[in-house]
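Let's start with one chain on its own, the form predicted alone, as structure tokens.
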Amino acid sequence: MDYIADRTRCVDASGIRRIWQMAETMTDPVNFSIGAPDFPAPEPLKKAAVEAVSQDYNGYTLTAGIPELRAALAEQINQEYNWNNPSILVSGGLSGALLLGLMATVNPGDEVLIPDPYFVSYRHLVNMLNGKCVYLDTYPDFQLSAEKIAEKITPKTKLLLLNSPANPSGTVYSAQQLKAVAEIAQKHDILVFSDEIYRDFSYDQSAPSIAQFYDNTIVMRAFSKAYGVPGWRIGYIAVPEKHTDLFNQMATVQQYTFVCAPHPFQRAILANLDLDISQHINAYREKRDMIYDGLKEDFGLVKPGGAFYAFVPAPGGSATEFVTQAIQNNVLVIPGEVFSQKDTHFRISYATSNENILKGIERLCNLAKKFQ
């Protein structure tokens, strides 16, 4: 008897698994693969977490999260988007938010529009729910086109997944682009999930949200990246009042899956909502500039506007081939096929030391010359 569910077979981890197996042979590696900040959690945040544990905030919370945190986040959303009475669900990170949202909305056969390249989980979560991914080709500049979205819409289109600043490309969509997309979504009554986990990491302009123009949007955010606490698993979903029924369904799914987000960490976040992380953002802007200035000539890199990633054209056209060579030269990067229907680019995470960035740039540029 085959005990494995069909839904899990559509999740292909072989590409990533092969990369990590190859990485085991590396000596003196430059690791550009990890999508996690390299700075420690700020001391006030850690102190607040310890105090919460010591004060016995270690039990369950309400399914949607502690009321004080939800109220504070609702007020922020109200100020940003003028949403009256938004509902807030504190989730197990952004990944937990995505799972709750997709489980509450996607029926078998429903079409989900996804700009390509995309965050790795989008494709697999939709496929596990028997939805249909409809990819929007954004190459070569990774910008959002309302016209391309309109061309892909069918009677089965239910949802558009947006991520800005984006993983893996670092693209930040402009207000003009998002307003045009909002008009298309409004015309066809399409729900939008706005994944804004990297919203603080926007280097040349503030990162606008489609929620500014379209209230048929579910906003998803997390503290993992900005506060340097990806292991805490604290994210949240903001839902406009018109979608209270959808909020209730997501809360029900959480009740029977995650139960609630970690209680002491909710308390620590509440005590530090006004935490100043500008020094980290400035440091990452410098890292972005180092990557761009170092690779633009040999690779033709599109300048990332945010997050801490660059999606780099692979010399020779095959990202898998170039990544194989890069690993043999002690630079660990991820091939584009993990994030895309194409295999023409590779992803760099520059969430590492400036010393490692300079070392990695030198190795990659030397390798690129061999493909000329």
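Since the structure is predicted, the reported quantities are computational estimates derived from the model, not experimental observations. One-based numbering along the sequence shown.
Not pictured, yet referred to below: the form predicted together with a small molecule.
Stretch 159-167 is the contacting one of 72-80, 130-138, 175-183, 159-167, since its residues have non-hydrogen atoms within 4.5 Å of the small molecule in the predicted complex. Here is the short version: of F213, F142, Y122, F265, the single residue with a heavy atom within 4.5 Å of the small molecule in the predicted complex is Y122. The contact with the small molecule in the predicted complex, taken as any heavy atom within 4.5 Å, belongs to L94 out of V112, I218, L94, L89.
Using a 4.5 Å cutoff between non-hydrogen atoms, Y198 counts as a contact of the small molecule in the predicted complex. For the chain shown alone, P42 is not a contact residue for the small molecule in the predicted complex, no non-hydrogen atom being within 4.5 angstroms.
Heavy atoms of A222 reach within 4.5 Å of the small molecule in the predicted complex, making it an interface residue. Interface membership of G35, defined by any non-hydrogen atom within 4.5 Å of the small molecule in the predicted complex, is confirmed.
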